[in-house]
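Just one chain follows, in the form predicted on its own, and it is written as structure tokens.
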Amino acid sequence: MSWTRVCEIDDVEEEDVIGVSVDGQDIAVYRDEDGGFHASEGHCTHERMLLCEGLVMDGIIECPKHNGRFRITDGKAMGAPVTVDLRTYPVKVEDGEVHVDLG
């Protein structure tokens, strides 16, 4: 695996999302209600809106444009208008930093 540091753990509040760019690729980094971290492609699969502007609640990210919803753990599309799942990435936390494998 090829791990890339994307942020500090304190950069993401519980039940929130931030956007980061890695080599020109937009990534969404989430923190769930239990303090776990997840990462996915940074744009909604419906109309390419940045997910970091959306709302995270109960393990779901809601796109700010048309309210498309995805599970943050596996990127599963949760119904219209989104029908294509998000690509997700492995995440590890080490020494207070969040690392993502974009491999």
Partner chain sequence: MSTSADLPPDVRRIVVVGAGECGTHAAMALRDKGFAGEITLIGRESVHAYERPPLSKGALAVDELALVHPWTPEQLEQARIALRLGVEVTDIDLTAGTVTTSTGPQGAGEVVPWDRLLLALGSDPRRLEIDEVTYLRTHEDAEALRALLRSQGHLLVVGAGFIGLEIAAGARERGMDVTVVEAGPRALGRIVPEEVAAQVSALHDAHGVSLRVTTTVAGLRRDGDGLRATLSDGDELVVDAVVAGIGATPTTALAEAAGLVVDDGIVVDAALRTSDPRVFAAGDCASFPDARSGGRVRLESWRNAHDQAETAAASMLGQGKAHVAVPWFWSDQYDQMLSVAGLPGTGERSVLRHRDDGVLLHLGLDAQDRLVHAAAVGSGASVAKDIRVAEKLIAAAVPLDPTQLMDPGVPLRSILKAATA
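Just so it is clear, the structure is predicted and the values come from calculations on it, not from any experiment. Residue numbers count along the first chain shown, from 1.
Heads up, the form predicted together with the partner chain isn't pictured, but that's what we're talking about next.
- Proximity to the partner chain in the predicted bound form, defined as a heavy atom within 4.5 Å, singles out one entry of Glu53, Asp26, Asp32, Asp74, which is Glu53.
- This chain is drawn without the partner chain; in the predicted bound form, the residue among Val20, Val17, Val82, Val91 with a heavy atom within 4.5 Å of it is Val17.
- Proximity of Met57 to the partner chain in the predicted bound form falls within the 4.5 Å heavy atom cutoff.
- The partner chain in the predicted bound form is approached by Pro64, whose closest heavy atom lies within 4.5 angstroms of it.
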